[in-house]
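Just one chain is shown here, as C-alpha cells, and it is the form predicted alone.
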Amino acid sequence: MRSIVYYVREFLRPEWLKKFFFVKTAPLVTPPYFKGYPTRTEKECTGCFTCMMICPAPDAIAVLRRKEQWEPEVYPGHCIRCGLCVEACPEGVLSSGRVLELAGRDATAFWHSYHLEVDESLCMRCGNCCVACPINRQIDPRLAATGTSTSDDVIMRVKGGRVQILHEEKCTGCKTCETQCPSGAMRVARMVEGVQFLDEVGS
C-alpha cells in the first residue's frame, strides 16, 4: 500500500507531468565528421580510373563512358563510405562530407604504383603476358608473338628463356597480363602510399 501511494505522489508531481506530456527531442544535426555516399562535383572526370583502383569494396564504383565523357558511378549497395575514392581522385570529381576540405587543408594525397611479379615455378615462358599488354604493344608494335622484343623500353619481354620485367613504372594496372596468363604465373599488385606536401601546408 505504501509503495502505491509513493508512485501516485511521484507521478503527480508537476515537474514530472510537465516533462511527460511536453517532452521534446532535440533536432538531429549531421555531425561534421559524417561521410555520405560520394557525389559528383562540377569538375570533369578524365577517366584515369584512380577511384576504382583505390576502392576497397568490390563493385562499389565504376567509371563509365557516357555521351563522349567519363562519369564515375557509385553503387550505394556496395559502397562502405570510406571516402578513399574522393581523396584519391586527382581532379576532385567526387565529394563526400569534409574529405575534400580536409585533404586540401592538410595537403594530403595518394600516390599509387603497380608491382609486377612472375612466379618462375608456374611460368611457361609462352609470352602471352608480354603480347597482351596494351602498353607493350604501343611501345613496340613489332613485338613478336612469343613475347620477345628488341626494345629496352617495353614493360616486359621474354629474353633468355624467362620473362623480364624492365619498366613496371609504366604499368597502368589494367591487369591484362594477369588475366591472359594461362598458368596464373603473373601477378599485378597495387601499391598505394599516403603523402603530404609539407611546403603547401606551411604556405
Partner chain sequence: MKKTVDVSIPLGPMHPCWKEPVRLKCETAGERVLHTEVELGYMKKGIERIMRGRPWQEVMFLAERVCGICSVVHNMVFIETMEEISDIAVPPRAAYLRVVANELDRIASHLIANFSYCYTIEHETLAMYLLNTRERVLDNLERITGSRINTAYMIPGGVRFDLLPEDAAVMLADLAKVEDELKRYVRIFETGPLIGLRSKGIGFMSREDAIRAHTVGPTARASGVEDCDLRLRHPTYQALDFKQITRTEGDNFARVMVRFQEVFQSIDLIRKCVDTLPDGPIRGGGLCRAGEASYAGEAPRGELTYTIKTDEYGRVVDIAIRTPSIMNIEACAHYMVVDATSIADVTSTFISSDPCIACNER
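Positions refer to the first chain, counted from 1. What you see is a predicted model; the values in this text were computed from it and never measured.
The form predicted together with its partner chain exists for this protein as well; it is not shown, and the discussion that follows is about that form.
- This chain is drawn without its partner chain; in the model of the complex, the residue among Arg162, Lys43, Arg137, Lys35 with a heavy atom within 4.5 Å of it is Lys35.
- By the 4.5 Å heavy atom rule, the three marked residues Lys67, Trp70 and Ser95 all fail to count as contacting its partner chain in the model of the complex.
- Remark: Ala189 counts among the residues lining its partner chain in the model of the complex, judged by a heavy atom distance of 4.5 Å or less.
- Taking the partner from the other structure, its partner chain in the model of the complex has a heavy atom within 4.5 Å of a heavy atom of Leu102.
- Contact annotation for Gly83: at least one heavy atom lies within 4.5 Å of its partner chain in the model of the complex.
- Although the partner is absent from this view, Glu117 contacts its partner chain in the model of the complex, with a non-hydrogen atom inside 4.5 angstroms.
- For the stretch 107-128, the set of residues having any non-hydrogen atom within 4.5 angstroms of its partner chain in the model of the complex comprises Thr108, Ala109, Phe110, Trp111, His115, Glu117, in sequence order.
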